[in-house]
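Here we start with a single chain on its own, the form predicted alone, put down as structure tokens.
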């Protein structure tokens, strides 16, 4: 006797078992899409995934280029990382630099965007003026600021006109870190300013008019309408700024060389120093893996926290 489960239903009347083929124009559009993303995909594989895999591979080795040795050492570089007495000061300097950069950069960029989002005469010239440092070479920008921040440089010259003796900015711990943060803020604040400007110009004017009819003050307009509606852009700029702050190298190398002492030695400068000055490429690779994990964790935390403060109209 045949069981009910063994009876397979046949094709419905009028339907065929032959698989319907995808139309030719759909396949053609799909191949066109693949060709468009192919250069970007190839770039990600060659310049992101392959270097990332090599860094992880090198972190398990001790590679001295001068001695021409390449030895598998397992987790010895990780053990060296935890026993490194300079690692905590380096991470502290990295955290201070990142926090100072994010706070000053985003606050100043938002303030400039609000001020320049008005229909004043000559406002385009001011927007160009504040954005122009973004397109200037970082090394040239840093060298000029290095001259200005010398003990007998332009900044202390201006302070002396006011009867104030300025510090030796680049040779004092707090002064050097403050100088590095300020130079980096002025370099890239124009980029975030433009992004905030684009977000502000997308806020519907009807919302402000309706709130003013209800008697809302300018402060209430800013906190209840402007900030919520541009919160997606604030999240984007904060992620970009934090990731960028953890990748700074040329600014420190030209301005302070990590000094005085190691007070301005951030993580990227330290790993380059270990790899190319001390020829410890294995340990430098381990520091690079640590930097990757820090960036990954901070990005995931920011992405999860967006549910609490980022406003989406839909």
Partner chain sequence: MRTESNSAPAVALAPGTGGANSPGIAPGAARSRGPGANHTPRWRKIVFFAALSLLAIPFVMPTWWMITSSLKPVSEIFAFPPSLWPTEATFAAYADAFTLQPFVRQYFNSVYIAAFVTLGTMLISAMAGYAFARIKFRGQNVLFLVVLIGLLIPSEVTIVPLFQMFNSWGMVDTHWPLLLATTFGAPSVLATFIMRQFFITLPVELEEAARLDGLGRWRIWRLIAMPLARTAMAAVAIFTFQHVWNLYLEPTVFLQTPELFTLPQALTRYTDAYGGAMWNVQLAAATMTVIPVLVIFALAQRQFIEGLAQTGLKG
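Positions refer to the first chain, counted from 1. Quick caveat: nothing in here was measured; it's all calculated off a predicted structure. Just so we're on the same page, rigid core means the largest C-alpha set that superposes within 1.5 Å between forms.
We do not show the form predicted together with the partner chain, though everything after this point is about it.
Interface membership of residue 74, defined by any non-hydrogen atom within 4.5 Å of the partner chain in the predicted bound form, is ruled out.
Although the partner is absent here, residue 139 is a contact residue: one of its heavy atoms lies within 4.5 angstroms of the partner chain in the predicted bound form. Interface residue remark: residue 285 is counted as part of the site for the partner chain in the predicted bound form, having a heavy atom within 4.5 Å. The partner chain is not drawn, but in the predicted bound form it has no heavy atom within 4.5 Å of residue 210. A single residue from the set 91, 134, 102, 229 has any heavy atom within 4.5 angstroms of the partner chain in the predicted bound form; that residue is 134.
In the predicted bound form, the partner chain lies within 4.5 angstroms of at least one heavy atom of each of the following residues of 120-144: 120, 121, 122, 123, 124, 126, 127, 128, 129, 130, 131, 132, 133, 134, 135, 136, 137, 138, 139, 140, 141, 143, 144, in sequence order. Taking 2 Å as the criterion, residue 276 does not count as shifted between this form and the one not shown: its C-alpha moves by less than this amount when the rigid core is aligned. Once the rigid core is used as the reference frame, the Cα position of residue 247 differs between this form and the one not shown by less than 2 Å.
In a rigid-core overlay of the protein, residue 39 has its C-alpha displaced by at least 2 Å between this form and the one not shown.
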